[in-house]
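Shown next as structure tokens: one chain only, the form predicted alone.
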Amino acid sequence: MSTVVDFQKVVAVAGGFPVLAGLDIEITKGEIVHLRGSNGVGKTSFLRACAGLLQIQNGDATVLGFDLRDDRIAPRRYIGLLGHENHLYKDLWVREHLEFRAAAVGADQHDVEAALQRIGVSERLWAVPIERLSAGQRRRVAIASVLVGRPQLWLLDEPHAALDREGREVLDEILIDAASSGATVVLASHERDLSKSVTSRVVTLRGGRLWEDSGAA
């Protein structure tokens, strides 16, 4: 299987603090990896580094064949990042926001409608300003924003946050389908029992380093 993410002794600094402190990790195509650990161990920093949003200070880091030390921009077109915050344009209607996202990734109207329907955003909400949605509805729209881009690498930070049971199950189905189609998924969460039936591997971080790789969920 081809390697999608390869970090060797990677060091990254934020606010003068080494948030990644010699991290070694390899993730291959089609995996759904649960990145686990308590708050502050480097989970979010790892996702941001993979997405090119956090500069690598030392070590070797490649994502989707791109050397992040040389180019942090090029791989972003193939990556879907969902952070703690949804980063939605709250003054836009739901559909307007997805259309804006679709234009950025080369998707079309069909992709927008398919993404909203797949994650379970009712059509009655498509013409509603995002600021009027509940927390769970906003999370679904944020997931749809990633889905519409059909990324090769999904980077998800606490993706089940604010979702009800149905929403969590739908998201899990989407991720399984994505991996089955050749995408790679990294789920960062402090939840120890997150999606055991979904993830193929559990990786635990501690102090910005790989602490444990169970090899199975």
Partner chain sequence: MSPARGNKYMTASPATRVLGVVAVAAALLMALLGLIVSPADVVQGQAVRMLYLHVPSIWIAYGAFVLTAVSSALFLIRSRRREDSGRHHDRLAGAAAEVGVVFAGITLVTGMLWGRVTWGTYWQWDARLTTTVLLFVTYLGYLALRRLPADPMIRGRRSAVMALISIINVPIVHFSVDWWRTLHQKASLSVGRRPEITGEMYWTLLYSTLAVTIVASWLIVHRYRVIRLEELRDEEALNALIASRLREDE
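Keep in mind that what you see is a predicted model, and the values were worked out from it rather than measured. Residue numbers count along the first chain shown, from 1.
What comes next is about the form predicted in complex with the partner chain, which is not displayed.
Chemist: Going by heavy atoms within 4.5 Å, which of 161 to 169, 175 to 183, 50 to 58, 29 to 37 lines up against the partner chain in the predicted bound form?
Modeler: Checking each option against the 4.5 Å cut-off leaves 50 to 58.
Chemist: Does at least one non-hydrogen atom of residue 19 fall within 4.5 angstroms of the partner chain in the predicted bound form?
Modeler: The answer is yes: residue 19 has a heavy atom within 4.5 Å of the partner chain.
Chemist: Residue 206 near the partner chain in the predicted bound form, any heavy atom under 4.5 Å?
Modeler: Contact with the partner chain, yes.
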